[in-house]
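Next up is one chain by itself, shown in structure tokens, the form predicted on its own.
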């Protein structure tokens, strides 16, 4: 067949064949390297989350691939000792917050980049589709920051989550309401739920509605809306009319900013806001809203004011600030660092890059509390792949800074209640 081609055509075909061969060779990681595929939103309205995640993963790679005098997993030696000092490398992809892109990129990372495990992906909806690919092919997928409870209720064998889910967080939120009633000698009777309509917000709202009923609170407003909506005037109008004692928002960053601005414009004054993390702990929300969001409470698994109890926090924070342009660690990057180190530790303990060996090591994980930045009792996975050592805290914005306010024994500040009205804020 080549004989019938012109000399130029035959040469082009040969070059194409060589190029394909070269791509195939490059796609196979060398024996002294472990490659992890990382999926995050690097563009779009939540890009800062992905940028922070990438920066803190670079901190983790420094800790893993070089020697450090830190009481963190894999810090003592350079590389993975049980794999002959193999270095860890990441391939980062941008899923833009879109489940279909996350699914396609997961497929490409496994089949073309030949990664040994997947890590990501912040949005619960993206984590859902991307981890389906890993489950079908049989590659470990570790998630550090998606909170939909349903993710660990799918019967998956290759999916592991290190962070609390919204069931854990919501339980703490309702425990807080009961304890605050006693502390402030008040009685909350009604709650309102405001949630964006992706898997994160929908699952969170479902859990909160069930817990409100269980704890005897009357649900007077349940308002789902499309994430990224240009206006929340109608929803806030309905909240003003319903006047819930406690508002429970589950919304991402841009929605949280729009909600705060619209509430001010329409003079909506909730007496207590207890948010389901997400947009409320994004440093972008704090820097843009500052005192405008005074009094907002959010659940979180991490706070900088825990540094007195966790000496690792200021050390890792300085490493992070060198890569982040001076930004401090916050909730998501702290969780990402923890989850990534758990995955790398499992690969090292497996002593192998084979998926089944890594899966077995993840199931056998037993990381103690003193090796964590988080206020958890440790990392141990149950049969569903959920970490059973998680613990949640609540933080409140006071003077433009978040402080731990619950559990009360960990609190750095007393709870500000009720939230000052717009007219009384300075």
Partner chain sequence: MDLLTIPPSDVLIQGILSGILMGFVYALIAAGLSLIFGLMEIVNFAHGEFLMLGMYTAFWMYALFALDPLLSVPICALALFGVGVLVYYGIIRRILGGPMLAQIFATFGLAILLRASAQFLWTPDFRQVGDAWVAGPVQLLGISIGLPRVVASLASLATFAGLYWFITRTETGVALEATAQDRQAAALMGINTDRMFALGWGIGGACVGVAGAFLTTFFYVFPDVGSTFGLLAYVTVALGGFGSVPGALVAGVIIGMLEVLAGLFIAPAFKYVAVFLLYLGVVLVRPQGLMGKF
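Residue numbers count along the first chain shown, from 1. What you see is a predicted model, and the numbers here were worked out from it, not measured in a lab.
Although it is not shown, the form predicted together with the partner chain is what the next lines describe.
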Notebook entry, point to check: Using a 4.5 Å heavy atom cut-off, which stretch among 332-340, 100-108, 261-269, 301-309 contacts the partner chain in the predicted complex?
Noted result: 261-269
Note to self: My question is simply whether residue 79 lines the interface with the partner chain in the predicted complex - judged by any non-hydrogen atom within 4.5 Å.
What the structure shows: no
Note to self: Under a 4.5 Å heavy atom criterion, is residue 47 part of the interface with the partner chain in the predicted complex?
What the structure shows: yes
Note to self: Is residue 240 part of the interface with the partner chain in the predicted complex - any heavy atom within 4.5 Å?
What the structure shows: yes
Item checked: residue 361 within 4.5 Å of the partner chain in the predicted complex, heavy atoms -> no
Item checked: Contacting member of 157, 183, 231, 112, with respect to the partner chain in the predicted complex [4.5 Å, heavy atom] -> 231
Check: Looking at 75, 319, 91, 257, which has any heavy atom no more than 4.5 Å from the partner chain in the predicted complex?
Finding: 257
Notebook entry, point to check: If you look in the predicted complex, which residues in 280-300 sit within 4.5 Å of the partner chain (heavy atoms)?
Noted result: 284, 288, 289
